[in-house]
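Okay, so here's just one chain, in structure tokens, the form predicted alone.
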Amino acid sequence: MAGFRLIDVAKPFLPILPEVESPLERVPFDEKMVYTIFTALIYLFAEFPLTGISKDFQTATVNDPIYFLRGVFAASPKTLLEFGIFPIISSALLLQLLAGLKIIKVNFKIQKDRELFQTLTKLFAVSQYFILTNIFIFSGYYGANLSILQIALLNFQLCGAGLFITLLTEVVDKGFGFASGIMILNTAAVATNFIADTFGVSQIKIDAAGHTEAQGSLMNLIQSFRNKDTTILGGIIASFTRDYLPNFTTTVVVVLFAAIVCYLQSVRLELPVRSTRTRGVNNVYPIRLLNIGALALLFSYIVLFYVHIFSFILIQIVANNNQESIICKILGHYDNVNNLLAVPTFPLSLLTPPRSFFGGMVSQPLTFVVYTSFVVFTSICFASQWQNISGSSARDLAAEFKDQGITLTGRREQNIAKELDKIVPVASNTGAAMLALLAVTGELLGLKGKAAGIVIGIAGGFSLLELITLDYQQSGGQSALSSVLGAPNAGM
């Protein structure tokens, strides 16, 4: 056992788990674009409703316990995308973090270790799909008294969809598309969710009496002018204030937050540098504020997901949401809201954003402090660790300067690492804290995951755009797509 490594657990599964082969040669720009677009489209069109759910699920007492996390992980309730890309993101991020901290022993210079690590990541993701599926089944989320056939059918659908999504992201990760598959799926889902939350015409049942409202905030505002159940003024006010579905106020706030993230993406500190090989050659080296993107915020929401799933197991499955149970007295219980949401009470509510700002101020003011502190603290902790293990620390940057034959203007080459150490960690931690505060502000205003989702989606979109632009330039601008779209040819 002294030589046992965690990645060795994946050895028996190497010949079993399906794998996408890496391309034998460099994939042309146009083919990458096609793979990227179709990967996103396949995921978006995979939102099929589940088969095998109990017929009385709409009147079930167990509602959605992760409603405010779905926007972050591109998940959709009661569909094949029930858990979205959470298992894939959490598996990849957590295992990479553990490997970087040397908790998991793996040598990425050895091909066999890389294969075992990739298989372990995939195995962890598929296992999480299976575990989450059965947690939701046995909690009564899909209805009570399910038959063996229904349970097997739900497992087949959700676990099969999870494995398919894992392979879908692997197609992009192996070099057939741009960036990472997770980034593409998340960005596409955030964009389409915003469109659905604004213009969606789907009528959703909101109470036991059978009343329905449009999913889209703008469509709901328009329908309020001809709603027979309320006055015109009451309908308009409700379209701006409803807390169980997207309202028009949240739509405006989301657009504002997207603009702020776009601005933060352009914030950078330009360090003057000079060549150590050629006299008189000067330039600038940019240090971006968001140099690790939204990974830190994503990590915070992964931790929140695990906290709420573990609490859901204890409260709903073990204690059956019985307020007299000792577990519910310690952790709180779930209140079902509008037959849609399972909203936790104190103290679990401290790690749950309020459904509306004013309601939160009145009923749970302590949440504003605890929730903000938790997200900001975990984001900063992750950012400080990630820069050290991802090759973006001050020491790594100093080594890169040395290899490129450049140094900071007015500084000795021997002191470059110390000088960069005053800048790089501050930029990483500040950027992570600012994105966390931005997301938390939106959540406390009642966006229910939309704020964090838009922050992560915009940051991922910018990274994707940069990689596409870089690949286009490296291809010499030779693209049939650019000719079709009328873009100028870079090679001319």
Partner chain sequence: MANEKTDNQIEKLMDVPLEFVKDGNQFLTKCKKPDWKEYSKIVRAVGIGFLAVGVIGYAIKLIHIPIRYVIV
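Positions refer to the first chain, counted from 1. Predicted, not measured: the structure shown is a model, and the values here were computed from it.
The same protein has a further form, the form predicted in complex with the partner chain, not shown here; the description that follows concerns it.
The partner chain is not shown here, and in the predicted complex it never comes within 4.5 Å of any heavy atom of residue 250. Using a 4.5 angstroms threshold between heavy atoms, residue 274 stays clear of the partner chain in the predicted complex. The closest non-hydrogen atom of residue 263 lies within 4.5 Å of the partner chain in the predicted complex. The partner chain is not shown here, and in the predicted complex it never comes within 4.5 Å of any heavy atom of residue 111. Listed residues 222, 362, 152, 267 were compared with the partner chain in the predicted complex; 267 is the one with a heavy atom within 4.5 Å. A heavy atom within 4.5 Å of the partner chain in the predicted complex is found for one listed residue only; from 34, 434, 444, 27, this is 434. Comment: 198-206 is the region of 157-165, 343-351, 198-206, 127-135 lying near the partner chain in the predicted complex, near meaning a non-hydrogen atom within 4.5 Å. Applying a 4.5 Å heavy atom cutoff to the partner chain in the predicted complex picks out 423, 426, 427, 429, 430, 433, 434 from 400-437, in order along the sequence.
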